[in-house]
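What follows is a single chain, given as structure tokens, in the form predicted on its own.
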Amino acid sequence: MSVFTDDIIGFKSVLRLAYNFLNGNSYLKRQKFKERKKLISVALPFSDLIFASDAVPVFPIRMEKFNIHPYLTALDTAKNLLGWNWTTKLLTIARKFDFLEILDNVLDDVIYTINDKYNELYDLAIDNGIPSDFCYGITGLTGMFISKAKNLDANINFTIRCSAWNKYSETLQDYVPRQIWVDIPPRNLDNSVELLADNVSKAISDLEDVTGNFVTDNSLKKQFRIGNQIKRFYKTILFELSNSDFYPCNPATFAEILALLGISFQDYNSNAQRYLENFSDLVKESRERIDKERGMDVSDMPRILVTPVFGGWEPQVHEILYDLGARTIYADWEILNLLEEIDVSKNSDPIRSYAEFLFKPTTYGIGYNQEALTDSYIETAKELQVDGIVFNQVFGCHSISNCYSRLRKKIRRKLEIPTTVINFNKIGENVEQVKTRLGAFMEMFHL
């Protein structure tokens, strides 16, 4: 899809985000062997305690070696001499004169490179006898540990109300001997906050043992402030930019940016300050593009929320919807209450504040009850002002995928917008079936 190319080659923040994700292998090696930092794996956006201990959080797939797009490699080589600003300007000029044919499909290539690796690791887990009742996301995660766990110093687990997730977490002892646990008790206990705060304190103590560093109230609050700023920018992209009638790029490109943010948000590309700066620049660049009308008028395109995707989804969905005249929104972390800020006020107790934060996604989102989860879907759809919902039903998911029947009834009653369900097992499978289902879905907008 070369239509993405002219959108993205001068979008410095997106290019940096993509490069920093794909270049994780080299960056993490440098952190481990040159900087002597401890690498601690994490899945789902729970990296704050790791950063506060001056360790490096790793969403495990980023230890893999990716085939980095030649344009991004060229940028990295040139930026050391010229900096990102001059480099992107020069290569943008080169693009106009067709000097660099390698620029086609830059971000498109990034997304497919990542998802090809997901499939590879999924197959690795299957070949190693992973239970067939695990969903794509858990199976892929297991493959990541089978492949690269030897590079890790520890893994941090957050228990959620999903039996498959907790079963998967227990198997990680086989790959990473040092396991750090944060058990999240049920919210309905009288002393649930105190219990969780104690569990967070124990995890911090374990992190101190692994890293040799002390975690203080100041180091916790410093990280929470960075995380809060990132979440504000994330919400700006979801609620301001994606709701605009004029996009800073092609809407399919915009969906790919959202996909990249969703993946990289889990460990902030292993560098919270750098990630914050890239996020800030992304919002700034997007607003500048919109002000200069450099992008695309999307006022006549319905906004479609596709969810959930964090456990695996078919990345061609947003391309199919774009071809059918729609724009795609990915907003899982907002739906699951993982973009909520953590209290950093002067007299706040950071450990208790973090405990309160952890309760939100497990009370209203991941693995809780269908009533609370579907209410969260409805509320987010209202706030995002979407025109339709595509529910991605992941095979093997027992905590979220089975809520669609209840969700559909609530959508009919409370939102009165079109909805459909698509089935997912593995990237690249059933694409034609997905096209047929989405085609029928989009017909409802042309009646």
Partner chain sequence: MNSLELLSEFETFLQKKKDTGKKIIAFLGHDNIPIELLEAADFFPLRMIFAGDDQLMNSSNTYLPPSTCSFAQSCIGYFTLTPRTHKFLEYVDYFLLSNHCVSDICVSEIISDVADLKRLDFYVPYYRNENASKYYKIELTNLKNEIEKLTRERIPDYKIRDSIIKQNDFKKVVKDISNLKIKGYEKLKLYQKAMLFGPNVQPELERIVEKHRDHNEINLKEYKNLLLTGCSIFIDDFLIDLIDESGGNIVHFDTWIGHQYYSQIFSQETLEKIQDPYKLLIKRFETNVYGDHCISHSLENQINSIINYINQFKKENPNMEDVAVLNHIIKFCDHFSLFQSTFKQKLQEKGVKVLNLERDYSRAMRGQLRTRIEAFMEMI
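Residue numbers count along the first chain shown, from 1. Being a predicted model, the structure only gives us computed values, none of them experimental.
Another form exists, predicted together with the partner chain; not displayed. Remarks below refer to it.
- Relative to the partner chain in the predicted complex, residues 23, 232 and 262 are all farther than 4.5 Å at every heavy atom.
- Taking non-hydrogen atoms only, residue 199 approaches the partner chain to within 4.5 angstroms in the predicted complex.
- Contact check for residue 37: no non-hydrogen atom falls within 4.5 Å of the partner chain in the predicted complex.
- Though the partner is left out of this view, residue 393 does reach within 4.5 Å of the partner chain in the predicted complex, counting heavy atoms only.
- Taking the partner from the other structure, the partner chain in the predicted complex has no heavy atom within 4.5 Å of any heavy atom of residue 225.
- In summary, the region of this chain contacting the partner chain in the predicted complex, judged by heavy atoms within 4.5 Å and restricted to 56-64, 393-401, 375-383, 42-50, corresponds to 393-401.
- Taking 159, 244, 348, 280 one by one, only a single residue has any non-hydrogen atom within 4.5 Å of the partner chain in the predicted complex, and it is 159.
- Checked against the partner chain in the predicted complex, the candidates 276, 195, 237, 149 yield a single residue with a heavy atom inside 4.5 Å, and that residue is 195.
- Using a 4.5 Å cut-off on any heavy atom, the residues of 155-180 that reach the partner chain in the predicted complex are, in sequence order, 159, 160, 161, 162, 163, 164, 166, 167, 168, 170, 171, 173, 174.
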